[in-house]
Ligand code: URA
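Given next, in structure tokens, is a single chain: the form predicted on its own.
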């Protein structure tokens, strides 16, 4: 077998693996890749009132500079004791003019080491879900409620969320996505201010500052229950609703 045949065989195997993942997820069609430009212009005139009440103004360069300053503030943050145990803060990743934003709980071990959100097993699953929706990670924005890893990956405490969440609020204000997907209970409770269970909330749009919010299970929950295909199908049903809204 020559090198080209080996390469073609490898690519075919990758395609089979991807199609098998789609089947397990419950995808009953293949989504055409997202054709819109990765970046969209910010139109403040059509936006709901921003979180701070101050509209994001200025030239493209000014907007980029303000975003860069925000990221630096996150990287240098010492607002809570988590800075003492982190390797590095994890601001978020993707297109800061995205139409679609994913919000999780907090960085884990892999994220703390790499400085990127959702890069471990759960992150790899999230990437596949995003691709199944016809997007790439570069076209959406992925962030967490808190930006530093809690020790042993424990659930963030209320005081930690209070100290850090203003960064996420500012990110939402500047990105102003058309839809937010909350991944898991912590992010869902924070944005929707609801103590109802994820089983009750998922699959139904809520709202935050005029932005539709779709709660769904955290990818880590899917990883822990990887044999339960029904949970994957539920998540895919949630994502189909998000896709339908984005196309409207």
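Residue numbers count along the first chain shown, from 1. Just so you know, these numbers come straight off a predicted model, no measurement behind them.
If you look for the form predicted together with the named molecule, you will not find it shown, but the lines that follow are about it.
- Contact with the named molecule in the predicted complex holds for none of 141, 171 and 175, as no heavy atom of theirs lies within 4.5 Å.
- In terms of contact with the named molecule in the predicted complex, the residue from 164, 106, 130, 101 that brings a heavy atom within 4.5 Å is 106.
- Annotated contact segment (heavy atom within 4.5 Å of the named molecule in the predicted complex): 107 to 115, selected among 107 to 115, 67 to 75, 80 to 88, 93 to 101.
- Taking the named molecule as it sits in the predicted complex, the stretch 200 to 219 comes within 4.5 angstroms of it through a non-hydrogen atom at just one residue, 218.
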